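Next up: just one chain, as structure tokens, the form predicted on its own.
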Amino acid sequence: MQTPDLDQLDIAILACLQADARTIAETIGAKVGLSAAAVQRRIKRLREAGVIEREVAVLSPQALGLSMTFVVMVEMERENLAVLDAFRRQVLGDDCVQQCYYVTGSADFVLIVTCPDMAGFETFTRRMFFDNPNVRHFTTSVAMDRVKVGLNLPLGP
């Protein structure tokens, strides 16, 4: 995908939407110096260009009883495309996996996993790792505190 040309008004609109995706065009327009219609046209263009991928509600894991977060390093048995693609599909289909990165180094993947408790994580590991003959090894760290969690991207210079 080609990166679209973004001007300072686009960046300002994106900053407003990153802070609160429910901000109405009139409010954004007042902040950036555009009419509501101009803001709406720019937002539509940013969506169509793939700059804005989706607009979601950010839920509290604590409020939903999902109080444990795990960082899991996964090493695959073989590094071939079929094995990697199958693991990607498995990860994409599991709601406990919040983030997944294909990485360089000793591990092949790094997962951020959320579960209600250790029993829930054990169930997850059986389903994701122990039942998968292509997983050679995994190492887990338990998060003690959620210091920073977010999807905001740096928009400044």
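Here the structure is a predicted model, which is why all the values come from computation and not from measurement. Note that residue numbering follows the sequence shown and begins at 1.
Unshown form predicted together with another copy of the chain; subsequent notes refer to it.
Original post:
Of the options Glu48, Asp131, Glu122, Asp95, which one has a non-hydrogen atom that comes within 4.5 Å of another copy of the chain in the predicted complex?
Top reply: Of the listed residues, the single hit is Asp95.
Subject >> Touches another copy of the chain in the predicted complex: Gln99 (any heavy atom, 4.5 Å) >> reply: Close contact exists here: in the predicted complex, Gln99 approaches another copy of the chain to within 4.5 Å, heavy atoms only.
Original post:
Applying a 4.5 Å heavy atom distance criterion, does Val56 contact another copy of the chain in the predicted complex?
Top reply: Contact check for Val56: yes, within 4.5 Å of another copy of the chain in the predicted complex.
Subject >> Distance check, Ala30 to another copy of the chain in the predicted complex, heavy atom within 4.5 Å >> reply: The answer is no: Ala30 has no heavy atom within 4.5 Å of another copy of the chain.
**OP:** Would you please decide whether Ser35 lies within 4.5 angstroms of another copy of the chain in the predicted complex, comparing each non-hydrogen atom pair?
**Re:** Result no; Ser35 lies far from another copy of the chain in the predicted complex.
**OP:** Could you list the residues in 63-81 that come within 4.5 Å of another copy of the chain in the predicted complex, counting only heavy atoms and keeping sequence order?
**Re:** Going through 63-81 in order - heavy atoms within 4.5 Å of another copy of the chain in the predicted complex - the hits are Ala63, Leu64, Leu66, Thr69, Val71, Met73.
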